[in-house]
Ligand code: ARG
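Below you will find one chain, with nothing else, as structure tokens; this is the form predicted alone, and questions on how it binds or moves follow later.
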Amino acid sequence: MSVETTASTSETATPVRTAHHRHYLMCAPSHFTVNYSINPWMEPSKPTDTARAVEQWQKLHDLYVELGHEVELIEPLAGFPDMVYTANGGFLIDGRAYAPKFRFVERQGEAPAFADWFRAAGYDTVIPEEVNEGEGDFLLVGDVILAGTGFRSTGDSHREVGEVFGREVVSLTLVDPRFYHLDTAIAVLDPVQGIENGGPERANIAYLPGAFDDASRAILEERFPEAILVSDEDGSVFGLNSASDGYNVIISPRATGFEKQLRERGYNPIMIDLSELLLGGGGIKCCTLELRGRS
């Protein structure tokens, strides 16, 4: 299903954006807390409010449903407070699921649960040999996989994911520990497969230049010359950890500069506050795993 929506017009023509039906996997933060630290955002000494986390997460879930998207749920497991960040739980294209292999022991028990869910849902499930954290570090842009390394997923997982899906993989190196997953530094604005960057329809992204090394920035500049370049101010409130259906872009309410940039490009930014879940180092995209195709 797709809904064609024309952005508001001004003196210059704005692009026509299309909202496409998406299929997501989410996990309620029923056990959310911060009792260990595996990224710079996590401070166990800072109190968390599980009920508030659930309330904020529910608003995101309900918004997806309101927008016409399909949302499935995986059961949260006690003892795994980060399971709410389902984006790290796998990477799926055309009915095939590449399961995660988490770097830190605190999250490793999540991997079998995600793999079991994919199998039960009818996905051809591949158990990895290499350390990878799913859609946290793998983003599908058109028909190309952008793959992050530097903090979590290893470079060998980039080779492995390319072999699993038979697609071009573009490796990008993250250098700022605040942006330890690729999905904290890049937002895919046009999430439909088959839209090629540079073709008649252009798959575009937004990204935070300072999160990457020089070589990676050069790659992004060459491949995505029309990308939205987001400020560190907006990146540091997880503005890029966003979900888009091609028209509606769900972002942090504190990313005000990014909101303006999106409107200028014809997208419709919608604000959802996940400030409680940011205490665990995750935002909107972290809570949203895209399910593409089913066997």
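Just count from 1 along the sequence shown to find any residue number. This is a predicted model, so every value here is computed, not measured.
One more form of this protein exists, namely the form predicted together with ligand ARG; it is left out here, but the text below deals with it.
- Listed stretches are 154-162, 124-132, 220-228, 181-189; the contact stretch with ligand ARG in the model of the complex is 181-189, by a heavy atom cutoff of 4.5 Å.
- Contact check at 4.5 Å (heavy atoms) against ligand ARG in the model of the complex: none of A53, S252 and I272 pass.
- When contacts are judged by a 4.5 Å heavy atom cut-off, M42 counts as touching ligand ARG in the model of the complex.
- Ligand ARG is not drawn, but in the model of the complex it has no heavy atom within 4.5 Å of F138.
- In the model of the complex, none of the heavy atoms of A211 sits within 4.5 Å of a heavy atom of ligand ARG.
- Y85 belongs to the set of residues with a heavy atom inside 4.5 Å of ligand ARG in the model of the complex.
- Contacts between 96-116 and ligand ARG, taken as any heavy atom within 4.5 Å in the model of the complex, involve only R107.
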